[in-house]
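Single chain ahead, written as structure tokens, the form predicted on its own.
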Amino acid sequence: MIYMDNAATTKPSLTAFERAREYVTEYFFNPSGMYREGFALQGELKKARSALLAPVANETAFELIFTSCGTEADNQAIFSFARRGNAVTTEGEHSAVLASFAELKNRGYAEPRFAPLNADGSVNVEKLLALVDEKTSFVSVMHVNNEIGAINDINAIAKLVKQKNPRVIFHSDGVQAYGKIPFKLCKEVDLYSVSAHKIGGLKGVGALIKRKSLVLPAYLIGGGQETGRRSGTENVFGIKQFEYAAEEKFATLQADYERLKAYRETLWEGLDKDVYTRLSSETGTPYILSVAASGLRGEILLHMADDKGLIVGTGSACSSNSKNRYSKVVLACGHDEKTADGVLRISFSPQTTAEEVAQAIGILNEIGRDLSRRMK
């Protein structure tokens, strides 16, 4: 089996799993316990916070709050600060952001505004800024698009937004960027969401990175964990496994970036251009290559590939339960419905091999040509 749907989830790092195992078998205590064993786990959580934060942000200016996933982190950011005037995001966001923005209107919190995309899936910055005014309370711009792979320069965008309205709270969903592309958060970014299972961690663990001077209201009320901002007993095992998985990822980040970029281009060059059209830009993340077989059903191709031992996606896994047949992101890039219906998302991990890329090319060409012949 060849697994190339890593943008949906990655295989957990077994090395990180084994390193963290003792937090299930030996150090299973409640970190809120008053006894010394519980208190010791608070120290382990502090270590994990620092290890996860330091590679992407200045620890004197930012702090990290553990959540259950990236979706929760997005929700906490949005519903904490988009509470007046209007809130601006992009048409290319993950459903965790788009659905939350739709809910803002339902709750009467803020008027949602959506900036259009460029053809490559990045946000049209000029039109985004045109939506920001003196009544804007919140802006959210995804760092790396989860369907197309486009990279937004969130530091530059945050600075431009703050120049227009310094009171805006700026957030970015960094789930597809963290541990995959090199960056450091600038001071104009207030909030940043990450997730463990996208980089070899476990499902059920995420984090919201915040600027320290920003007062974040409590999101879950109860025992006062996470300094009162997110109550609930911490998943120490999952958090430590996240820490160790991130340690592995950041140690080889640049080398993985270059190697997977070469794999992405090799895969594209090998695909039959009579069947597939490229959607992902060469300047996007090396972890995602989205293509479209116009006139064919991406879902059918996905199942045909699966039958031959290749697992790929058709877009955002978190939107697979949606009744909308066509990807909103692909349509927002200016593509027609025939193209949007034929999308396949191939996404890599550091464990992807050159041999797997070669095999994937063969399978994708075979099923694409086969289905094309059937459709004639």
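It should be emphasised that the depicted structure is a prediction, and the values quoted were computed from it without experimental measurement. Residue numbers here begin at 1 and follow the sequence given.
Note that the form predicted in complex with a small molecule isn't included here; everything after this is about it.
Given that the partner is absent here, state which listed stretch (111-119, 224-232, 169-177, 245-253) has heavy atoms within 4.5 Å of the small molecule in the predicted bound form. Among the candidates, contact is made by 169-177.
With the partner absent here, would 71, 74 and 94 each sit within 4.5 Å of the small molecule in the predicted bound form, counting heavy atoms only? Yes: 71, 74 and 94 each sit within 4.5 Å of the small molecule in the predicted bound form.
Since only the chain is shown here, I'm wondering whether residue 195 would be in contact with the small molecule in the predicted bound form (any heavy atom pair within 4.5 Å). Contact with the small molecule, yes.
Applying a 4.5 Å heavy atom distance criterion, does residue 290 contact the small molecule in the predicted bound form? Residue 290 lies outside the contact set for the small molecule.
Do residue 146 and the small molecule come within 4.5 Å of each other in the predicted bound form, heavy atoms counted? Looking in the predicted bound form, residue contacts with the small molecule include residue 146, since a heavy atom lies within 4.5 Å.
I'd like to know whether residue 82 contacts the small molecule in the predicted bound form, with contact meaning heavy atoms within 4.5 angstroms. No - in the predicted bound form, heavy atoms of residue 82 and the small molecule never come within 4.5 Å of each other.
Within 4.5 Å of the small molecule in the predicted bound form, heavy atoms considered, which of 87, 142, 191, 150? Looking at 87, 142, 191, 150 one by one, just 142 meets the 4.5 Å heavy-atom criterion.
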